[in-house]
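As structure tokens, one chain now follows by itself in the form predicted alone.
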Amino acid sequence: MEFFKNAVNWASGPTVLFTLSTVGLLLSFKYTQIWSKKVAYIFFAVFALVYFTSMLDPNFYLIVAKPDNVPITFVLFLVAFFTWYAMYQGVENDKRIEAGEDVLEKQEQEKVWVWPDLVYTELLCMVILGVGLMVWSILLPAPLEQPANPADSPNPSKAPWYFLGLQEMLVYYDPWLAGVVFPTLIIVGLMAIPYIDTNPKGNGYFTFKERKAEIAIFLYGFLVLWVLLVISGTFLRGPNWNFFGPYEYWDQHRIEPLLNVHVSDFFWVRGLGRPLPSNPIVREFLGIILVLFYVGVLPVLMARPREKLPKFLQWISLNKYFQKMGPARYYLGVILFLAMLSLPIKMYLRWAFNLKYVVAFPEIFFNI
């Protein structure tokens, strides 16, 4: 049992957890048959068994059973279930399309009246949810604490669970990026999706093969770059904002020193063995070049045909999307895509090299 706990604690480290989640999601896209009923039932059964058995561990129970965290656990179960169910229906529809049959949605043409059919169903759901909330409020105490005291801050001090993804991003980005720019890009990007992606396939029915790239990008951004950050911030971020495994005790006296190293430090101090130049433009020139290449040159390279790129860059070619979408929609979509990918890139650089900023202008409070 101790071996299992130590293995889970090790796998819950940020680098390992993020890597396993990314690889697992990519493998699920490649081998879509894992969404079949039998495999899914076994997975959910094993997960539930491990979860409820782990409640016997005092450290696990202390974190998961907190009144604040109980509803978050239910939400995560629901996210996993409905993601599986949507993918399962998509896989089933893909099989039917290959066999020349109608999709499941087209076979469900039965219509019912709003009154009394729909109203009775909604009334039944309202009664069940009302009873559930009453039982919940009786059995689970409200997470009320003592009156706010400015001289006694909680450790760790966390935002509400729906903002924990943004709070986690503050570790890797400057506040103006993590708190303003990226949330704006998320909202604007979601609104722009119907105008960027005009593929008529998949409208009104679930599918996967007909929209592999679109579904893969969305699920990676939602599950790995958002839900996983919420999980990390809720269950794994402990005192002093350190990472703790699910079976570890949250020791407030554990201190993990973390350096803040910038690209300019790597180039001037560690690479050339010289002090940082006093001129900020000269000091940050390498970081500026990297950022301009990432947002300005890389989208252009990705739009070129594979045969016109060097062999080591042919895998980044998105010329078929450039031809299909046109320049305006292509460049808007790629910029949003690269902005999304910048988060895992910064996370890995932070974990591996303590890299804080690519471009650091503390003189004007502008950091990237």
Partner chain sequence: MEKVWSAISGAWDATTESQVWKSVFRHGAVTSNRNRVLVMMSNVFLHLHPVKSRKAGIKLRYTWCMGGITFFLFLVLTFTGLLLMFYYRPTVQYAYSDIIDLGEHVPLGVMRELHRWGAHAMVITVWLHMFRVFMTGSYKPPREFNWGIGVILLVLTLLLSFTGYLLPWDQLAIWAITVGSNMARATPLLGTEGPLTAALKLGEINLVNSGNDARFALLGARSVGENTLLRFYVLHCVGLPLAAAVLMAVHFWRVRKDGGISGPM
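Everything numeric here is computed off the predicted structure, so don't read it as measured data. Numbering follows the first chain given and starts at 1. Here, rigid core means the biggest group of C-alpha atoms that superpose within 1.5 Å across both forms.
Form predicted together with its partner chain: not shown, discussed below.
Student: May I ask you to state whether I97 is within 4.5 Å of its partner chain in the predicted bound form, using heavy atom distances?
Tutor: No, no contact at 4.5 Å.
Student: Does its partner chain come within 4.5 Å of any heavy atom of I289 in the predicted bound form?
Tutor: Residue-level check for I289: no, no contact with its partner chain.
Student: Any of the heavy atoms of P67 lying within 4.5 Å of its partner chain in the predicted bound form?
Tutor: P67 belongs to the contact set for its partner chain.
Student: Indicate whether its partner chain has at least one heavy atom within 4.5 Å of a heavy atom of R283 in the predicted bound form.
Tutor: Looking in the predicted bound form, residue contacts with its partner chain do not include R283, since no heavy atom lies within 4.5 Å.
Student: Report the residue, out of W268, F243, Y205, F182, that has at least one non-hydrogen atom within 4.5 angstroms of its partner chain in the predicted bound form.
Tutor: Of the listed residues, the single hit is Y205.
Student: Between the options W226, Y247, F235, Y294, which residue brings a heavy atom to within 4.5 Å of its partner chain in the predicted bound form?
Tutor: Of W226, Y247, F235, Y294, the residue with a heavy atom within 4.5 Å of its partner chain in the predicted bound form is W226.
Student: May I ask whether Y85, Q89 and I138 all come within 4.5 angstroms of its partner chain in the predicted bound form, judged by heavy atoms?
Tutor: Checked in the predicted bound form: all three residues contact its partner chain.
Student: Going through 339-368, which residues have a heavy atom within 4.5 Å of its partner chain in the predicted bound form? Please give them in sequence order.
Tutor: I364, F365, F366, in sequence order.
Student: Under a superposition restricted to the rigid core, does W115 display a Cα displacement of 2 angstroms or more between this form and the one not shown?
Tutor: Yes, the C-alpha position differs by at least 2 Å between this form and the one not shown.
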